[in-house]
Structures are given as C-alpha cells and as structure tokens.
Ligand SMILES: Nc1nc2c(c(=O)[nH]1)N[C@H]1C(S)=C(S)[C@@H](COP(=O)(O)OP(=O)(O)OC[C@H]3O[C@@H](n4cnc5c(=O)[nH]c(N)nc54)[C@H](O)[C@@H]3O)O[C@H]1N2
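In the form predicted alone, a lone chain appears below as structure tokens.
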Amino acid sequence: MDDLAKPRRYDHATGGWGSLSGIAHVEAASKAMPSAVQTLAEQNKPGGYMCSSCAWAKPPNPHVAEFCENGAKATIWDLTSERCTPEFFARHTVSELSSWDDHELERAGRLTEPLRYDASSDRYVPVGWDEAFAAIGENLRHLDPKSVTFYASGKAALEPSYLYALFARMYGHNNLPDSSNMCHETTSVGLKKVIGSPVGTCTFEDLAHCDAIFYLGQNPGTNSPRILHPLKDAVERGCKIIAFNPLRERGLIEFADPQNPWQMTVGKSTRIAHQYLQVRPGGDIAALMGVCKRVLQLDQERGDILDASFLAAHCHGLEEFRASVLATSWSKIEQHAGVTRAELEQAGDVYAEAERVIGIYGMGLTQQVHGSQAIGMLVNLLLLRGNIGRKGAGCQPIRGHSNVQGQRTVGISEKPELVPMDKLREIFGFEPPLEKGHTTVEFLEALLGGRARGFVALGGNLARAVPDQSRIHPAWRKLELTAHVATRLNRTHLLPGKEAYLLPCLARAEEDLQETGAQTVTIEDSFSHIYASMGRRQPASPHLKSELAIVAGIAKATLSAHPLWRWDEWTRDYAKVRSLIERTYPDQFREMNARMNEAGGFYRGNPAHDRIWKTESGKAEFTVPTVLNANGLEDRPGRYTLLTLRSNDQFNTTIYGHSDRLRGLKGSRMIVLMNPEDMRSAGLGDGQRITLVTDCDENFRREVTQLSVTPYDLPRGCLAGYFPELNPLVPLNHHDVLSKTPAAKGIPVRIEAE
C-alpha cells in the first residue's frame, strides 16, 4: 500500500441545487401527498405550521420559503401517501420485521389504527381505542409507579407535554426522561452550573449583530440547515466564523442560498468559515484553552482586551482560571487539541478584535465524558470579554427535536427541583412525588437490573437510539408493558413487552379537530421563543387521535376520578391547557393564549440573557478544567476514537434514504471513515471489511461487524461512522460525568480485520 487511498469528498456548496435535488428525491421515495407542497409554503410562518424537525427559530419576517432541506424532508415524510395498516401487520410478523432495516420500516408508511401485540401469532392486531386505554390503564394500576418510565422524544408540543408530565406525577413518579438525556442534557447541567441558566442565552436577533462566531462540534449542513441563512448574512456583513470540528463539514465551508437567483445561476456561493480547526475528538477543551491563553497574553501586552468592569461586577473565579491557563504549556495544548499553536493564536486574535462574539455548539461538545467541562471552557472564553448578556453576544447550543427545550420548560424532567411542585399541588389538589426520577441511562440500568417494569413513550425510537444495544434489547422485551404514541413503525416497536400497544397519532401538519373546533398547539425554539402551530392537512386516517387526546385517554383510564382533573375538558379545548401552563409558570407564559400568535414568537425570558446569574455565587463562574481532552481516554497502541454522525438523509433515527451527499457518500450506512495514513499504517484498503470492538471494558465484548473502511479527511487516530448503527459500541457507563449523556462522540475502539 504505497499510495494513500483517495478520501471521499463533496466539492460543491451546501444548499443550492443539491439541496433541491435531495428534497425531490425524498418526495418521490415517500410518495408524498400533493398537499405537502402547500404545507411547505406555510411552514415556519406566522399563522402556519411549525416544522417538526429541528428547534431553530421562526423569524418574524420569513423568507418566501422558510424551510430547509431537512425540514422539508420531515414534512414530506409525515405527509406520505403510504399507509401501515392492520393488513400490513397481518402479512408480517414482528420477527420478520425485525430483519428489515430502519429505512424499510419507515417506508411502510403512516400507522392508521391502534394495535395490540398478540404474542401467540407474533403480530400486532387491531384494537379499539377504548379497549387500548382501559388495558393500559389496568396495567399501570397494577405496577409500582416507580417501576414505570414515561419517555418523551422531544417532538410533542407544549400542551400534550404539560399534560404528560402532569399525568406522570399524578400517577406517582418523576421518571420523565426525554431526548435531552441523549443529546443536550450536558447543556442543561453544564450551562446551569456556570451561568445559572440551562439553555442558550441568545435571541435570534443577536445573530444580526455579532462580529465573530466560534462554532464548535455541530454540522449545520445536515443537522440544522436553516442556520446557514443567518451565517451567510453574518459573513457578508463582515462577521468572522471560526469552526472547530474533526470533520471538514461542507455546511461550515460554503453555502449557496437556494432562494438567491444570483447564487443559483451565475453567482458565487458564500464562504462560511474564516478559519477551520480540525480538532481531535474531545479536543475542544484544549483548543479553547489555547485561544484563552492567546487572549490573556494580548491583554498582558496591551492591557485593553479583557472587559474589566464586567469581570469585576459579574464574574467569579477569574484568577484561578488565569493561573490554570498560564500553567498549561503550549505543547500539552497542541497534543490534546490536535491543532497547532499558530492556528489557536490566529483564532485568539479574531476573538480579541471582535466587539461581540457568539459561541455556538452542538453534540460534539455535549456527547463526551467531560462534555460539561467543554461547555465550561467555552463560557470561560466568552466571559473574558463580556460576551454573555448583551446584544450580538452569548452562548447558544443548537438543539435537535423541534420542542425538546419546550418539553423541559413545561415539566418533562426527572429532576423535581426544576418543577414548581407547589403550583401543581395548589392547582390540582394532589401531593406530587419529590423523589428524583430516572434519566435515560438510569432507566436502562433499571431495565438491565430487572427493576423497570413498564415503558410509555410519547413518540421516539428510544431503543434504537440508546447505547449498549446488545445488552439492552433482550431486556426490553421482558417489560410487563410497552405503549408507544407514534406516527410510523420503528425498531423500538419491534421489542414489545408482555403487553404492548401502538397508538397512532396525528402529525403536527394535520388538522386537529376536537369538540370546540380546530386546535392550535405551541412549541419552543432554541432561543426560548414560543410559537403557535396550526395543522391544516387531512389526517392520514380517520382513526388517528392527537397526542394530547391519547395522553388524556390513558390518564383518565389509569387515575381515579378527581374534580380538578378534567381530562375530557382539556381535550375539547387546548386553550384551557395553555391557561394551566400560564398558572403553573406565570412569569414565563404570561397571557399565553393572547401572545402565542405573535410574529417571531413571544420570548419567555432567560435570566442570564439579562445578566442575572442564578448560580451558587450569584455570579457567572469561571471553571478550571481537570482534563484537556473531553473524551476521557488515554492514547494507547491500536486504540482509535470513534465519533458517530448523522447523514444528509437522516434526522436522528429517521432514515429518509441512503445518500450522504455533503460528504460524498452514498449507499451502505455500514461504513467507517478513516484517515488514509491510518489506513496505510493499519494495512487496510479502501472498502476492506472490518469489525469494530469497544476498547474500554474487558468484561463484555461489544462489536459491530461487516463494516467497510472508507478513506476520509479526519485527524489521525479518529474514526467516524453512522448513528444509530454504531450505538452498540457505546458502553452504558460511558457518559458525561455530570449529565449522564452517552459519550457517542468519543468511543474507544480497536479494529479487527475480517
């Protein structure tokens, strides 16, 4: 192997004709209803339907087409003409369906009727709604509430989410994990520790006023394409974007605006990143330490770099942090960051020259063993020049599911101290449980230990998303009860408990008709703004119920009657649920029913945005990292660090197709991306079959076989492959120290040739 394999790559801009082609391909594959086009025209606009994909902002002055490639795919996928009917299940056993891949399962189409698992035939069979609710309620009444987990995927709107959390506490537990536990719980814990807020501090308007953006561990081209418009606008007015990512993602390099006729024809695309630093996986702590070291050096030389008045009035722990930075050598920083001193000093110069800076990050920071420390380091950098709590500056995570932040806001949390239990006691006349509930990892630990007995899911495909699947999946089928609110069939549904139900719900784009008429729901974006969403499309089946109606139906069948628990009344009119949300959270949801239709949403507020620090010291906290690499791994011969990725044809566990256009990849998802020099050193050829084996637990062998090696531009010692196919390699105990978020961006593995 004298010649290096040629890395796969995509040499075109993000967006442009490629994006339109990707949307058209998925539209054809999904056999979307003609009304999908009309829905896209209304998407993310005042009075319209709010995208069910990511949690990006819905601006007050929308573009003609206010949707991205990923959002369009999500809407088209929801509005497919394919139907997954009882006749489908009569033809296919659960065992047979378990051999289908994720894309094939999704392509079966929309679920149309409630179903019950029949173990004798190994099939899902039709069941009436009343019968399903009664059976689920009876099962829940016979189980210890603390043995039951109520999971939420992050997509359900505020109204059903509020009632779901309320139902759990009336039932008797706080076992309310959601998809945050898998992705951004590190944000909720890490940010709260240092600035007193569990969410980002920016508003959408801030993006129009920043001079620099430090962008870490997030791929906008695939995971949140709508951010590319404000990034493009920022660059074109002179903002400098510094990108930190092991992969050179096209969304951070080049963008062609599909709504700009000039760029779509004879014009040039916009270059996004001013500087691109290909850090090692987990190397962000060291890289940010290097940037801080440069900033402190410049301040020592010039004396006018740090915001002295802000630091004195608002910050705690600066001197300890300064001493740590000065004591850390450049050689150690370079070793752990994987980039050079010169590169980090260049980034430090940009930071020092910028008046207003925003730090944006994704799961590259949160899904690490020491992800909380990585977030703390980003906050350290921002605090040095007062870049939190003023226009054009702040710390902003980019979140996934459309209402994952909002679900936490209205009570879906395993932490009782985050919920106004006194208000619930006052409004509903019961004693809420005060014992801490399960995170997702703790639910899985209980599952393996035989302590988990029941599982209710408000959306999602959790069993496919979790780590350690070879241990988890067999235990899942031992549950006494599984009940899933869902729009489509997925792999988790193929792990039925002893009693199992599929409860098909409306998609958000579909009309939700109740006794008082068409209903509106609300969602919260990553900038803490609340929006109304109105579905107008004809439901996929006359037998579907709304998420709220299903939650209320199960609750009514499970709980004793109570004069203050008005499930039928709340189902008839969602405005009454919003009134309950306002009563429970009066400071954040004041006049919710009147304000929910405001263009651009109404802002529920954020203390850190106003420089009110709800920390132990009452100030923003500088933190001293205990490690320089967030993945918590030691280098050793034969060990690689694996990070998991989403493809261009994917949203979380939903696989729309097998194209990863923006990385120049297509076809099989069973691939491993590898540095060509590492391939040569390991004696591997392009396309060679390998097995990956987890390299941190000798007591249990975790492996994924039949993987194809693919050359790619990655740092040495780094591998990359797809989520969720490589999740079996993540040990359950390999997670962020504080949040227990699985460390899927820093998995220790070794290679075995097949």
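Computed from a prediction, not measured in an experiment: that's the story for all the values here. Each residue number is its position in the shown sequence, starting from 1.
Just so you know, the form predicted together with the ligand exists too; it's not on screen, but the next bit is about it.
- Contact annotation for the candidate site: L79, G200 and D525 all lie away from the ligand in the model of the complex (no heavy atom within 4.5 Å).
- The contact with the ligand in the model of the complex, taken as any heavy atom within 4.5 Å, belongs to N461 out of N461, S372, N387, N380.
- None of Q519, T409, T644, T439 but one reaches within 4.5 angstroms of the ligand in the model of the complex through a heavy atom, and that residue is T644.
- Checking 577-585, 307-315, 202-210, 651-659 against the ligand in the model of the complex, the stretch whose residues place heavy atoms within 4.5 Å of it is 651-659.
- Remark: N403 does not count among the residues lining the ligand in the model of the complex, judged by a heavy atom distance of 4.5 Å or less.
- Although the partner is absent here, S161 is not a contact residue: none of its heavy atoms lies within 4.5 angstroms of the ligand in the model of the complex.
- Of the heavy atoms in T186, none are within 4.5 Å of the ligand in the model of the complex.
- When contacts are judged by a 4.5 Å heavy atom cut-off, A465 counts as touching the ligand in the model of the complex.
- Contacts between stretch 207-232 and the ligand, counted in the model of the complex as any heavy atom lying within 4.5 Å, involve L216, G217, Q218, N219, T222, N223, listed in sequence order.
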